[in-house]
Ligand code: MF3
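Just one chain is shown here, as structure tokens, and it is the form predicted alone.
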């Protein structure tokens, strides 16, 4: 892939080199390990501030950098989004109750490379409707990832996700999307989780980006609260999200943020 060295596509998407995969792999694994480590602390009675404090300590202990502390004024090492919070939930005094579901999103910088991932957690006994939402969201992510290979398009990713979610009578959030990353936190392209097959930029070996569908039990509309961060479902329906960072390979893709403990999908088991 040397001929791709330093190239930017006509859509503004950076093409990385073979050697860069190692940097992304290392950063992704640290982020995944931190989410593995916090899982046992997610239980009724815990606060989201306590979970974030643990994540902050893990970042420090590992000698890496939190990408979110100080980002546009944000002051936490994680976003923790509970129940009807779609994304960007701010850790605080919220006490987890039995049956709560939550997404924990962590991004770390390791030797200049960004590892970005999130997954769903459950406090106590998981209600069936919440469990089904989580199952559909995870499967939607994996179907989106399965569409990643050179020659396909970003529209193929969005179509795979949207078709599966809507077939299960749930909705895909339109207001937020995945993004390119690498040696920067956010870069082109915007990775939409809905769309038309065959549309959008063509996938090429060496592209790095996140796929992170947000799925609602109710309608897709969201609103951002007065804190300018927390996004919630307008109809107060439950929302779930899973996120992987990936790199396009010659034959498909590599997932950089796989759980070393195989706890990405069902963290509570």
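Just so you know, these numbers come straight off a predicted model, no measurement behind them. Numbering follows the first chain given and starts at 1.
Keep in mind the form predicted together with the named molecule is missing from the figure; the text below concerns it.
Visitor: For the chain shown here without its partner, which stretch in 103 to 111, 139 to 147, 120 to 128, 165 to 173 has non-hydrogen atoms within 4.5 angstroms of the named molecule in the predicted complex?
Guide: Going by heavy atoms within 4.5 Å, the stretch is 103 to 111.
Visitor: Since exactly one of 186, 132, 84, 94 fits, which has a heavy atom within 4.5 Å of the named molecule in the predicted complex?
Guide: None of the other options qualify; the answer is 186.
Visitor: Answer with yes or no whether residue 191 is in contact with the named molecule in the predicted complex, where contact means some heavy atom within 4.5 Å.
Guide: Contact check for residue 191: no, nothing within 4.5 Å of the named molecule in the predicted complex.
Visitor: Would residue 52 sit within 4.5 Å of the named molecule in the predicted complex, counting heavy atoms only?
Guide: No.
Visitor: Considering non-hydrogen atoms and a 4.5 Å limit, does the named molecule approach residue 216 in the predicted complex?
Guide: Flag for residue 216 set to no.
Visitor: Find out whether any non-hydrogen atom of residue 79 is located within 4.5 angstroms of the named molecule in the predicted complex, and reply yes or no.
Guide: Yes, residue 79 sits close enough to the named molecule in the predicted complex that at least one of its heavy atoms falls within 4.5 Å.
Visitor: Only counting heavy atoms and a 4.5 Å limit, does any residue of 72 to 103 reach the named molecule in the predicted complex, and if so which ones?
Guide: Contacts from 72 to 103: 74, 79, 88.
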